[in-house]
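What follows is one chain in structure tokens, specifically the form predicted alone.
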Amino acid sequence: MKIMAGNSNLPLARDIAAYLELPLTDASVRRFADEEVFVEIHENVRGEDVFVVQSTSYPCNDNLMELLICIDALRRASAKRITAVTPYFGYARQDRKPGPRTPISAKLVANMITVAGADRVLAVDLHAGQIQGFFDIPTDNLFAAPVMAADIHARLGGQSLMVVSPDVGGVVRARALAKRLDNAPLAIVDKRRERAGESEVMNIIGDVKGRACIMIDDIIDSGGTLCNAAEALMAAGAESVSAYISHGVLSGKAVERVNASALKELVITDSILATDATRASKTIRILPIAELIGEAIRRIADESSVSSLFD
């Protein structure tokens, strides 16, 4: 087994390799003067089970091309099996046609990864479960919920908890976390989105008065939805509001927005490499998931159960 890394999140790749007690594969992933991606593998990978760790986060297109070219290089070097490990799978929010003459880009990206030569895909908290079906190769979708639940028990255990879904579409995810938190009660934020990137909180479904509310979601991008929801929860009588999010995209002025919000704490995983602003924030905390991904990689290599990780 070998672990290879692109440039999108080298610290996470190193932590995964350290958990598996393996060195990262000696390879160069660099750019020509015109920003064209070039990959060169400096060690023998013939007949090896290779895992390529690469989040397709910002700059999304550059990191996606790095992943595809790494896979192609490994295929041409006669690797036995290639697994694309995408802790954050970009384009996942384009998983359906929201209107006429629009693409399903998540399916296109799945096709590209498959055609490049990947034999398997490993991702964390895909935006929609059906994306697994977009791939014609085996795809494992890991859940960060066990890591989050352990952190919540350690930090907020003993408080009167309530798990909150920031929208109706996230109820299944919120219910799964609530079950891990000793069947904590569930609330839902009902919102109306007037235009892309903006949201307006309309109503809180559930009694949050006096509760330590924990919002759960897979992606925080601009932060508008989360910050509006936190404000509405506090106005409804919540004692405090924390948020646990799998992927901290945090584009634009999202960090500033979070810092100025009613959120007590925003906890994100390190599936995406944190910016300097994110690391400097006193409101944002980063939860490592290298052990979760590393254990899944070990089980895939050993041909043992991955789903039992979440039992």
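Numbers follow the displayed sequence, beginning with 1. It should be emphasised that the depicted structure is a prediction, and the values quoted were computed from it without experimental measurement.
The form predicted in complex with ribose-5-phosphate is left out here; the points below concern that form.
Using a 4.5 Å cut-off to ribose-5-phosphate in the model of the complex, each of Asp167, Ser222 and Thr225 places a heavy atom inside that distance. None of Arg75, Arg93, Arg180, Lys107 but one reaches within 4.5 angstroms of ribose-5-phosphate in the model of the complex through a heavy atom, and that residue is Arg93. Think of it this way: in the model of the complex, ribose-5-phosphate has a heavy atom of just one of Asp218, Asp151, Asp140, Asp119 within 4.5 Å, and the residue is Asp218. From the list 234 to 242, 110 to 118, 210 to 218, 181 to 189, the contact stretch for ribose-5-phosphate in the model of the complex under a 4.5 Å heavy atom rule is 210 to 218.
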